[in-house]
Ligand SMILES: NC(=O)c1ccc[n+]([C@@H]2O[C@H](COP(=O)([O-])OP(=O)(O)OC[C@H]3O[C@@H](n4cnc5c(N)ncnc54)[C@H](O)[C@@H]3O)[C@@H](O)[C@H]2O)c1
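Given next, in structure tokens, is a single chain: the form predicted on its own.
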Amino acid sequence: MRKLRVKSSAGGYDVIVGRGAWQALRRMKAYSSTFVLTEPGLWDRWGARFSRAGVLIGTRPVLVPAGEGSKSLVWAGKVASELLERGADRRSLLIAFGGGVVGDLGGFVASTYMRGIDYVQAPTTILAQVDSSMGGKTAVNIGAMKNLVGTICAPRMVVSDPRVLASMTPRAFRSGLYEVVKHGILSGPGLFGWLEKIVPGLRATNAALLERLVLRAARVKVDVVSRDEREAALRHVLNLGHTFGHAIEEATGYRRFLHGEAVAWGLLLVTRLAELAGVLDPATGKRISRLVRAVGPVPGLAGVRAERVLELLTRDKKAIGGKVLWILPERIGKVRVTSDVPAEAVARAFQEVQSGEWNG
């Protein structure tokens, strides 16, 4: 196991990565009661092992349905009501045991229940282990707008055991790897080059290799959020691929793409956009495209209305006065944050990638 330390206005917290990480929950003893928020299938598969590791024997979980539909104010209210009925008070602890949906919902509920209780992230997907569980962002969706209502509230701890990734479906596993590719672009040649070597043959059952991957990718997120907890400037870089990605998710009603799959298209689109804007050379663009595609297949963009995607871009949470804040790769290890991108270039990038005219 390895430990990373996130600096936070709340005093900082540890990210424990590795086989056996769940045992770190045994430290969390100074609470009147402990509750676990999770999904039924995940708890059936891993609940007993998780409880033994964290000495949570006898804990009855708070269950929410799997899927993006649980990230809502309705479900936040249901979870808060169940916590109240079961005696949760201001000295209670909530453990979010699940992927990004459970983590976001659990963090949001914890940050607002009785004006805030402590919580721990125990991520169970690769996307959550390398990205969403760290940084303290919590949120629920409102209608078609992803993460519209949320808070920034640091967890007390993050515990990431790569063994749980073995139960992921191949599609969900690939979805998380696209976020790892994003971290590789941000980090630099070391991580990116390593990913080029290992990604084609990577499997969810290779816990030893995944432990290294999660640690290296998580370190990128930890470094950024430690320096910019509240997304004042630097943290914007973590949205690489997400501006297009979120718009594609919304344009398709969150039904066609998993989050990481939408980010995959977002990475390809913003890579082509960077080429068109003259800030990225085609050879590097080809490397990025090749690594994204090496992860595996994603549902196609056929039938996605370009007009709808372009309209949704201006509603992105980072847009100011209708101007989109773009994160453009300049080279491996360096991105440019700018709103000075012609709308014509944005439309052209989408058309070329959607049609297959540009493949990197």
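When you see a residue number, it is the position in the sequence shown, counting from 1. For clarity, every value in this text was computed on a predicted model and none was experimentally measured.
We do not show the form predicted together with the ligand, though everything after this point is about it.
ask   = Of these, 81-89, 67-75, 198-206, 262-270, which stretch puts a heavy atom within 4.5 angstroms of the ligand in the predicted bound form?
value = Only one stretch passes the 4.5 Å heavy-atom test: 67-75.
key: Contact of Asp316 with the ligand in the predicted bound form (heavy atom, 4.5 Å)   = It does not: once the ligand is placed as it appears in the predicted bound form, Asp316 has no heavy atom within 4.5 Å of it.
ask   = Does the 4.5 Å heavy atom contact test between Met168 and the ligand in the predicted bound form come out positive?
value = Yes - in the predicted bound form, heavy atoms of Met168 and the ligand come within 4.5 Å of each other.
message = Considering non-hydrogen atoms and a 4.5 Å limit, does the ligand approach Thr252 in the predicted bound form?
response = No, no contact at 4.5 Å.
query = How about Asn147: is it within 4.5 Å of the ligand in the predicted bound form, going by heavy atoms?
reply = Flag for Asn147 set to yes.
ask   = Only one of Val158, Leu127, Val181, Leu213 has a non-hydrogen atom within 4.5 angstroms of the ligand in the predicted bound form; which is it?
value = Going through each option in turn, the one that passes is Leu127.
ask   = Considering Ala247, Ala274, Val101, Ala110, which brings a non-hydrogen atom within 4.5 Å of the ligand in the predicted bound form?
value = Spelling it out, the residue with a heavy atom inside the cut-off is Val101.
Triplet Thr284, Arg348 and Glu352 all within 4.5 Å of the ligand in the predicted bound form via a heavy atom = Checked in the predicted bound form: no contact with the ligand for any of the three.
ask   = Does anything in 38-66 come within 4.5 Å of the ligand in the predicted bound form by heavy atoms, and if so which residues, in order?
value = Going through 38-66 in order - heavy atoms within 4.5 Å of the ligand in the predicted bound form - the hits are Glu39, Leu42, Trp46, Ala66.
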